[in-house]
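There is one chain below, alone, in structure tokens, taken in the form predicted on its own.
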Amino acid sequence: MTKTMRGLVQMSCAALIAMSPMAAFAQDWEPRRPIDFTIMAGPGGGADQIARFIQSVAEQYDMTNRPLVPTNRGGGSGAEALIHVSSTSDPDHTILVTLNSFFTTPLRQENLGIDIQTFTPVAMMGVDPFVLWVHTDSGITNFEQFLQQVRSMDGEFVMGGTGTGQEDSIVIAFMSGAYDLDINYIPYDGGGAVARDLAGQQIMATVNNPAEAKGFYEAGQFVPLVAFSDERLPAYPDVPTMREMGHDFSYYNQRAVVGAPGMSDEAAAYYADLFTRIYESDEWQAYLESESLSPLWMNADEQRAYWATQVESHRELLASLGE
């Protein structure tokens, strides 16, 4: 992997240190109707869980005069969500929970005509690592056994993940290339369905985010084998990283909120203030820790710069993986 590719795709631990967000300035604008809180993935995955947790915090503290209404639009690797938000007739009441498909889907589907820089920065809530999981019944307890099993099946080993050419498939494609593995990959609309199918043994392994696999892990159904993070995750201290395996690769999924193109400055300030308060809440800080997310706050200008860097990093990464 080149230095450019590593860029912000591979974030150093220093970049993940929590920064105290600056409160948005006070203003008079308030929503006049329920807020369309579009989720760029299907039910049960990390983005869905985060959106509904955010909704619960906002409701608990009566932070909004109109409710956040989560709606899953995960079709086409998030294309459905991007089209919906970019074409809304009410940008002041439309916000989007994003993941890295915010960058990869417009790159892979240029016919969509989506320019992410036209969206409105709201809040970067954190970044989510990836972990390789197998079912306990597989008998696999370490990465070397996983490699042996995949190679022995000569293309019949089945893994599931969210979409094609987006987060999960990127991680699996890197692993396949690094270890010369022939894996049968099945795309899903969301990480929740991926985790459920591993629990039901319809697939043989996943690279779910920790929050998506946590319940099954705690129930004794999942075994974590390797983390695609810069350092070992505190929740899984015995699980080695891909970097420990000798490959200079780590990958994180952004957990961010953006506004629709054309959102007014007043509405953007309202949402920036809302999500700053949610980010600073004890509940969100506890969620970051319990779900193994890394804090990464950014203001609006920093978010736009981050988007630009991520687009170029993912363009190079997708090209290197043949996507």
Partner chain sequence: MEILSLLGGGMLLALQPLNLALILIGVTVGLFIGAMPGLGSVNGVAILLPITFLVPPSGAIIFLAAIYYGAMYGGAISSITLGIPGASTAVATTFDGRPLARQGRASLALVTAAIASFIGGTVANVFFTAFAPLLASVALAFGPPEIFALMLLAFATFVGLGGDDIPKTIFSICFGLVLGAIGFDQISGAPRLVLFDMNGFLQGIGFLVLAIGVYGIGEMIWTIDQARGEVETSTPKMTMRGMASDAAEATRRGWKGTAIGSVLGFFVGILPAAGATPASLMSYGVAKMMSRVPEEFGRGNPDGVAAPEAANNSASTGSMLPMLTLGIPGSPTTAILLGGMVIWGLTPGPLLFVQETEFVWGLIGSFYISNVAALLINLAFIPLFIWMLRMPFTILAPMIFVLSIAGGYAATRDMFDIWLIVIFGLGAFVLRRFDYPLAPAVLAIVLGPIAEPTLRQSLLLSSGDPSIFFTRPIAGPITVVALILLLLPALKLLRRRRGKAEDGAA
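Positions refer to the first chain, counted from 1. This structure is a prediction, so every number in the text was calculated from the model and none was measured.
What follows is about the form predicted in complex with the partner chain, which we do not show.
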*Which of these stretches, 175 to 183, 116 to 124, 218 to 226, 231 to 239, has heavy atoms within 4.5 Å of the partner chain in the predicted bound form?*
218 to 226
_Among the candidates 79, 170, 150, 140, the residue which, in the predicted bound form, approaches the partner chain to within 4.5 Å (heavy atoms)_ = 79
*Any chance all of 83, 108 and 199 sit within 4.5 Å of the partner chain in the predicted bound form, going by non-hydrogen atoms?*
yes
*Distance check, residue 56 to the partner chain in the predicted bound form, heavy atom within 4.5 Å*: yes
*Report whether the minimum heavy atom distance between residue 65 and the partner chain in the predicted bound form is within 4.5 Å.*
no
*So in the predicted bound form, does residue 192 come within 4.5 Å of the partner chain, heavy atom to heavy atom?*
yes
*Looking at the partner-bound form in the predicted bound form, is residue 286 within 4.5 Å of the partner chain by any heavy atom?*
no
